Structures are given as structure tokens and as C-alpha cells.
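Okay, so here's just one chain, in C-alpha cells, the form predicted on its own.
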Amino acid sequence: MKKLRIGMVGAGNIAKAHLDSYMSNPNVEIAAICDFNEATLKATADKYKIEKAFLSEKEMLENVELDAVDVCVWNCSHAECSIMALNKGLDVLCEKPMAMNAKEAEEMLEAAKKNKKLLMLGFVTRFSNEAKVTKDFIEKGYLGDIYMAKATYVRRNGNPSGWFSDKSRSGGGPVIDIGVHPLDLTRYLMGNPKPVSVYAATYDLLHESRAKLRTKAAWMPAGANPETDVCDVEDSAVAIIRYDNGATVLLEASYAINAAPKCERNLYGTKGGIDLLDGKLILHSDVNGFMSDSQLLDLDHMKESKGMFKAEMDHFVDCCLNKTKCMSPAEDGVEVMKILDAIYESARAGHEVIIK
């Protein structure tokens, strides 16, 4: 089989997560990598033995024959980098969030259509084992009609600082960074209904006190300093999203809040409900006329994030080489960006926002 020649756009932490997965796929050749940070570029290229390394995507595309690119850069560059590759006739995997706003996302989708190339979004939680098992239960009718969901990703002190807290580069805080994961996954499991309205509130009350804590955030990018870095993104947010089929989702996302950290996705249907609790699945239903809660066993492997990334990368390669139908197409990315735009606009305006 022909190997897929991939160029990596970006050499930071998320790029390494992607590269770890590509390395175990015999149908992939990482032909080149680029990053404007020379030290980061050299370190990643050396680690993964990538011979051709460039300081810009333009230079890489002009000098290396590629089949696809994988975009792992700051959110503010997702649209520019993806469109550049699509216009070169290459398939693209772009990390989440799709872009800084829905307008950029729609321009990316238009470039993909114009060039008749694949644009896949990095909605990695769609590829988790817990998502696959939940989808199987849904398709076999255990939940009935899903009419409500909760999408929760809460960190108690988890602002990474660096570019993540700089709105000009990130587009926002926990909503666009970590909240997008449960938001997308619940929508995906509900059958990708169209969003019609959002009511939301955001808060930015705790960053200054958190930055001075002796308890630091669990992870920060290289060089980040929460005491001195720009932080003009929200600490936390809550939103109600209404879909065209009448279903609703309650989204809760935070970098900083006085509560226990948690990552939960809860789906409620007419026949049953299911809780996805970071490695555990609990089914709530009726059995023989009694209310029953059933925890699925032997699912410890669900906690392994590496498995999600491998499944995601393998799927991208399969889509490129075999024209397999994409599980996370650009159209879904556009709809999620419309929701994110509406969340921030509703919080700013103080009222419900209608999505057109």
C-alpha cells in the first residue's frame, strides 16, 4: 500500500501526541515538519527523526511533496494554515477548535469543497472507547429519544497560561479549549442536531488569586508564567444550548472554580440515561419494572488517552488513502464554532442568541 506522506504544521505538545500515534501506523511517512520556534522545531524533529524541518508552512509546502498535513498550531492560525494546505491540493487534519470563529471555519470548509479535499477536525473524544460503546447503546435503542444532556469539563485550578490565556491567540478560555470536547461529544452522540439558540454567562473573577497560589496548575506550556502572562479569557462559563429537534444541552466549563474537578457527559433519553465519567459508563434504565443502575465493567482501558489519538490518526490515514467516510468532518466543526460564537456573544450581551 502507498504510504501517506504527511507534513506536520506545528511541533509542540499536541503535535507530539499526534506523532506518537502516526509512528505506529505502517501506512504513514512523516515527510516534513514546520514550526516558527526554531528550538521547538529542532527538538521535535530530532525526537521523531524527521529529516526535513522548516520555519514556515509555506516553505515546507514549496519544498516537499506531500499528500496531507496535520495542523497543530495556535488557534489563531488554524484557518490560515489549513486553507494554505487545501489550496495546495492536500488533505488536512486540523486540531480543535476549528478556528477563532464561525466565519473562519466557513472559509476553511469552502476551501475544502473548492479543492475537493478532506478537511477533518480533531474531535478526539469521538474516538474514545467510551464514545464507541455509548454510541452502540444508543443505536440499539437503550436510551430511546435523547432530549437532554449535560456537558461538563471543570478544572479547579487549570489555566495553562501562555498562549491559552491570551485571547488574541486562543480565541477564549475554557469554553473554546476544554469545553469544546464534551460539547462536541454530546452533540455527536445525540445525532448532530442543528443548534438554534444559546443562553450563556462567563466569569473572570479568579485568575489573579489563582496565579498567586502555591498550588500551581497541573500543566503549563514551556515558558508560561501565570503571574506575568496576559490573561484576558474567562475563568468559567455556563451555557444552555437548544437544538432544532427540541433537545437541550447544559454546558459547564472552567479553568478556575471553587469546586472539585470533573469531566462528565450525561445523556438523558425516554428509555434510559447514560453517564460517561472519565473511564466509567453507568446506564440508568428500567429492568423488569424496577429502576436500575448498571455500571459497565472491564472498561479501565478507557482512561488511556493515547488510544483515542491512535484511533483518530488511524482514521485520518484511512480516510485519505481509502476514501473512508470521515467521522469528524468540517461541517461538524462549523456548527460547533457557531455554538462557541453564540456562547461568547450571549455572555457579552446578557441575553439569548439565535443561531442562523
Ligand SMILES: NC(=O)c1ccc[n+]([C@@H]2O[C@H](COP(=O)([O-])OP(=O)(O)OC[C@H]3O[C@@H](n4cnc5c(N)ncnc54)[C@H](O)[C@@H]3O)[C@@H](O)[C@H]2O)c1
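Since we're looking at a predicted model, the values are computed, not measured. Numbers for residues come from their place in the sequence shown, where the first is 1.
This protein has a second form, the form predicted in complex with this ligand, left out of what is shown; the following refers to that one.
This chain appears without its partner; in the predicted complex, the one residue of A85, C72, L267, M108 with a heavy atom within 4.5 Å of this ligand is C72. Think of it this way: in the predicted complex, this ligand has a heavy atom of just one of Q295, N37, T324, S292 within 4.5 Å, and the residue is N37. The candidate spot formed by D177, P221 and F309 lies fully in contact with this ligand in the predicted complex, as each residue has a heavy atom within 4.5 Å of it. Listed stretches are 77-85, 198-206, 137-145, 273-281; the contact stretch with this ligand in the predicted complex is 77-85, by a heavy atom cutoff of 4.5 Å. Proximity of G10 to this ligand in the predicted complex: non-hydrogen atoms within 4.5 Å are present. Taking non-hydrogen atoms only, D184 never approaches this ligand to within 4.5 angstroms in the predicted complex. Looking at E95, you'd find a heavy atom of it within 4.5 angstroms of this ligand in the predicted complex.
Interface residue remark: A347 is not counted as part of the site for this ligand in the predicted complex, having no heavy atom within 4.5 Å.
Residues from 108-134 that approach this ligand in the predicted complex with a non-hydrogen atom closer than or equal to 4.5 Å are G122, V124, in the order they occur in the chain. If you compare C-alpha positions, A218 and S21 are 3 angstroms or more closer together in the predicted complex than in the form on display. CA of W219 to CA of A11: closer by 3 Å or more in the predicted complex than in the shown form.
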